[in-house]
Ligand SMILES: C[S@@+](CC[C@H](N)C(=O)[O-])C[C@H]1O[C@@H](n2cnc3c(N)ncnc32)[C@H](O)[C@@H]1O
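Single chain ahead, written as structure tokens, the form predicted alone.
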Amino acid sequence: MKIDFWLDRWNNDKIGFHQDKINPYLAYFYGDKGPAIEQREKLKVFVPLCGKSKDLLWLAQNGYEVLGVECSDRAVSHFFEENALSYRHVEKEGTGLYISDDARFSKIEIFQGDFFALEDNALEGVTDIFDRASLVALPVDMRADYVNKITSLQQSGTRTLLVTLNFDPAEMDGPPFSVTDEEVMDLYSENYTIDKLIAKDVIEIETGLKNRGLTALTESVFKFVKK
């Protein structure tokens, strides 16, 4: 989907895709099974197409430095305002940058603009990437460009936690879109080592998607490491 699509959704409050709860896979792999709290200040997590996700706040509350990118200034400002976070807004290399100014938590920075326009050094210092809602938000003809871009921004050794959805596309138009395991391998295997961590039947949990016509839905979680 092009930027205008997402801007329209945010500007008209058509944001059924927004989740008010912390993603359980993030909480498990970066919380319960994550690094010790004293090690987290050395880590920086990038969340692409982040919207106003509560996951950003959770990461900062749990000791991780956070970097996001989001095309909608409405989404970004709402994130800080709804979470009562003080912030400042600056221009960095022609892109709007929102920076948290709250001593209670680790720093949160959000680029406001086009993900595909990020500068080559935009992810400097990033050690981890959490992709819950980016790959699945893109139609098939945009996914290779997305993967090429995010790959070009990473350093060797960067870790990614990717969440995908797999369903019959004939039952529902995206977004979110179905992404098969085979497509994940096709897109990422050349430049990453890949481990599949979880595959879970979630059709009874994702009632909104079930109401849109899905009869079966599998959620999968992958860990990548950039070669």
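Residue indices: 1-based, along the sequence shown. Because the structure is a prediction, the values reported are computed rather than measured.
There is another form of this protein, the form predicted together with this ligand, and it is not shown here; the text below is about that form.
Taken together, the three residues Glu65, Tyr87 and Val126 all stay farther than 4.5 Å from this ligand in the predicted bound form, as judged by their closest heavy atom. Annotated contact segment (heavy atom within 4.5 Å of this ligand in the predicted bound form): 127-135, selected among 147-155, 127-135, 79-87, 102-110.
Among residues of the shown chain, Asn166 is not one whose heavy atoms approach this ligand to within 4.5 Å in the predicted bound form. Contact check for Tyr25: every heavy atom lies farther than 4.5 Å from this ligand in the predicted bound form. This ligand in the predicted bound form comes within 4.5 Å of no heavy atom belonging to Val225. Although the partner is absent from this view, Tyr98 stays clear of this ligand in the predicted bound form, with no non-hydrogen atom inside 4.5 angstroms. Taking a 4.5 Å heavy atom cutoff to this ligand in the predicted bound form, none of the residues in 187-214 make contact.
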